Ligand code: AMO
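Next up: a single chain in structure tokens, the form predicted on its own.
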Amino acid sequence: MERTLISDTPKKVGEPVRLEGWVNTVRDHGKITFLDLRDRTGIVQCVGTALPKVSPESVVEIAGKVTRRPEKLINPNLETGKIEIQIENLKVISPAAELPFDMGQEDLNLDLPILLDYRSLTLRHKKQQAIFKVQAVIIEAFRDALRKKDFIEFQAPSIISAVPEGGAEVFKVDYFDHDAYLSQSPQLYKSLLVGIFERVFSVNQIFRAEPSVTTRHLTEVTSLDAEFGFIDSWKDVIEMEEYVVRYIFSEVEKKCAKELSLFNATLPKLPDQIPLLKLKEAQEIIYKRTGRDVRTEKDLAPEDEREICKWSLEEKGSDLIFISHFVTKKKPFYVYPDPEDPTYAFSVDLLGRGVEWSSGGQRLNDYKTILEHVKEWGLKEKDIELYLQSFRYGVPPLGGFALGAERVTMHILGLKNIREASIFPRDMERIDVRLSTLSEKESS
């Protein structure tokens, strides 16, 4: 008999079935045992007598008949709640050891370190699975939105030969007796490819050696990057990004209603157009609202991001806001200075629910100007020769943006820590296991 998926069992009342999956919970009432079985499609109640002892999370095969539940025993919270499986035979395929905590609890209330220490187990819980089902939809919607606009996907390398964006926040790699680095961004590659395909996007892992242990930083994140040419101005970038973000929200709303409900989550509020402020304008608003004078700062601090997002929601009815015109010298060499005031660049961040979600803007495409910036920023031409080569032979006016998949997931679902939105998070304290435990083993 072929395996039947649990989601198909309501259509097979009165028929024999063979199910395979994990034991979600066991309720032993002496002569009769109730067992909830779980597979990738759902959960179904199974009932039998004289069953072999079986522990939660064991992998089993069940042969039995699908029957209707008595009216008073229907479970409206289950898609299979009107039926149950009368067990005729139960075979343990792979027994599970005693669990370190109760996996049957509704919310899996565990401290974050424990949640991550037992990742291979906790990811089996429905709420943990829901996070990454939502994230999968976010990433696929990003892809779909851009394909509809004639973008082509590429995969950028993670190992690079130099550090073109500056800073010490990179991981150095011993590469066949040469120095190499883990990429902080696919920016140079996607800009280069605009000179070939016009419109490109990538879904890449990027690496930041930031000495930060915060609720919003990871050392490895999933970056959703897009870049396109023949733009008329930096506002074309904002327009494209807003289209993509709205498309993502629409797909999450359409495909993830059940997952959103598990977190009592609502999608961010958006008016007809996401508000846009220049950095100076945002800083002036913050000063008027709070009395904190941040008007001479070159960027927004986390507290400033939260405050301007509050303003956006209260005054514009928007959980998201674009902030533009950051200080040119605080941005990478390829930013496009505003001709009216070159101190500030056509650079744009998207803030959502109090946190930066993306960065982007218009890029330089004039070869001579790029060379001038390379010298001003103290970079070496040989370190970015491949990038410069592209612009030497002509690249159209271009711009783009990069969204952080974990941050978008985190703030759609209202998670408290970005590590919850990373399926296998990396930070200063963890590479799958806590690094402190490795240190203890090495010293013993």
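What you see is a predicted model; the values in this text were computed from it and never measured. Note that residue numbering follows the sequence shown and begins at 1.
As for the form predicted together with this ligand, it is not shown, yet the points below apply to it.
Student: Check whether residue 344 has any heavy atom within 4.5 Å of a heavy atom of this ligand in the model of the complex, and answer yes or no.
Tutor: No, no contact at 4.5 Å.
Student: Counting only non-hydrogen atoms and a 4.5 angstroms cut-off, does residue 334 reach this ligand in the model of the complex?
Tutor: Answer yes; at least one heavy atom of residue 334 falls within 4.5 Å of this ligand in the model of the complex.
Student: Closest heavy atom of residue 165 to this ligand in the model of the complex, within 4.5 Å or not?
Tutor: Taking the distances in the model of the complex, the answer for residue 165 is yes, it comes within 4.5 Å of this ligand.
Student: Do residue 142 and this ligand share at least one heavy atom pair within 4.5 Å in the model of the complex?
Tutor: Answer no; every heavy atom of residue 142 is more than 4.5 Å from this ligand in the model of the complex.
Student: From the candidate stretches 133-141, 258-266, 210-218, 87-95, select the single one in contact with this ligand in the model of the complex, where contact means a heavy atom within 4.5 Å.
Tutor: Single hit among the candidates: 210-218.
Student: 283, 365, 318, 358: which sits within 4.5 Å of this ligand in the model of the complex by any heavy atom?
Tutor: Contact check passes for 358.
Student: This ligand isn't shown here, but in the model of the complex which of 418, 60, 35, 43 has a heavy atom within 4.5 Å of it?
Tutor: For this set of options, the contacting one is 418.
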